[in-house]
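Quick setup: one chain, the form predicted alone, written in structure tokens, and binding and motion questions come after.
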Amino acid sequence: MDKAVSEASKSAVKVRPERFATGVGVLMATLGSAVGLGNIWKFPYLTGANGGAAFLIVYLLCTVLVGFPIMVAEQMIGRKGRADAVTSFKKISPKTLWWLVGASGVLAAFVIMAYYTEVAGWVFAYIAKSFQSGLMTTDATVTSAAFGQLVSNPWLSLVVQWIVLAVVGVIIVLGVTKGIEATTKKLLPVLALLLVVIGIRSLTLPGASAGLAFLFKPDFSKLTAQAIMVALGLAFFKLSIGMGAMLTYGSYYGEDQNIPANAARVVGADLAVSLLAGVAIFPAVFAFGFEPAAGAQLLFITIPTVFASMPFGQVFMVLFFVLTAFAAIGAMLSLVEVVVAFLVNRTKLNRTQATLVTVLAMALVGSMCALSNSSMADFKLFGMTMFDLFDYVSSNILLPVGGLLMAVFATWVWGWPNFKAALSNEGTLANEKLLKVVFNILRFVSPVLVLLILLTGLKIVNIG
């Protein structure tokens, strides 16, 4: 089977016209996909809600056993197929149904963007809000009311979502090199610098050491089985796996790109950004006596009150929401590119037309999520608002299914000879020992853990 698949892939693969221009561009674009609201918004509040340092250690294990190997597999399939998520599978494994894995990734990217753009819209709105005096208060009821006014205003919710989609759409139209690569190469260094600046300011606050202890001193008595499942799911969301993004970006890699090394750098840098976000947030939260387990509201309700307590707090608040917007843009570029690349390859649309269709479709479907706290607050399916439903379907079904099938295809269908040839760059890289470790983790460990995520998310298995 391995030989047949290999021969079919060799005869079907065509040269992809667009490529990332530089090795730095490859790293920045891929890292831009991984570093998003998951780092600045989701990672801090989930870490806060699940015990701090102990949760962080479990998350590290999850990235090694699930995130890293599946990222490697996705990028490998993308570069081998040199096409969108669906067409890559059709080229590598023709006349089979494995293309459905790619289709699941395209669908996941679209579904995630439906609600992700609304959260990003809130961030954009908070950049403007942070220039005003209304958020400069230590009273959480005031910041809570300000957030409530934003999400309950139907027109404002729609407008900020449209602004986000317009910004991302313009960058996507510029193409892989001039749009995605150029943008991420500029945004990510600025994001890192802003995080360092805010982190240093946070560490100078009285009582900041309690926040560092929370983040880096593990207390395993606070760790639960449910927290372990949350850490597994977070690894998927933060590293942009199972949603076609890494596969699509992999199709723009050069033949000499060291995929395992690049994936390792992305995972390491992504973790560093998450820790920087934690250092920027938790010392300040503890210094002013706020609750680290505040949940999803941590970013929009608790953080403004923290900055309001600091000297020059308004300046730091503006910087914080600007960097959060930068992080969101990098992640959204990869998600929109998944759908655009699919339309360009599978239809007669050019990049501009495909981008316009994608953005309009996302605006239409995403409007249901944008209105979930206002006009459509009472409209629920399976007991969930449309925002929660889209989040649930992507996080608990589409991403785990995509990741599980990716692991099975790369190791059980494609097999070791193809896996080794592709990731050693046809024998030019001396990395066979590493590849064997990654292959066996991907073949035997990752599928079991991902299956647990899927069964838990579907409530088939109850983890206490």
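We number the residues from 1 along the sequence you see. Everything quoted here is computed from the prediction, not taken from an experiment.
The same protein has a further form, the form predicted together with a small molecule, not shown here; the description that follows concerns it.
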Is residue 243 one of the residues lying within 4.5 Å of the small molecule in the predicted bound form, judged by heavy atom distances?
yes
Is residue 37 close enough to the small molecule in the predicted bound form to count, meaning some heavy atom within 4.5 Å?
yes
Any non-hydrogen atom of residue 116 within 4.5 angstroms of the small molecule in the predicted bound form:
yes
Using a 4.5 Å heavy atom cut-off, state whether residue 331 contacts the small molecule in the predicted bound form.
yes
When the small molecule is placed as it is in the predicted bound form, which of 357-365, 161-169, 243-251, 222-230 ends up with heavy atoms within 4.5 Å of it?
243-251
In the predicted bound form, the residue from 112, 83, 281, 120 with a non-hydrogen atom within 4.5 Å of the small molecule is 112
With the small molecule left out of view, choose which of 259, 101, 303, 335 has a non-hydrogen atom within 4.5 angstroms of it in the predicted bound form.
335
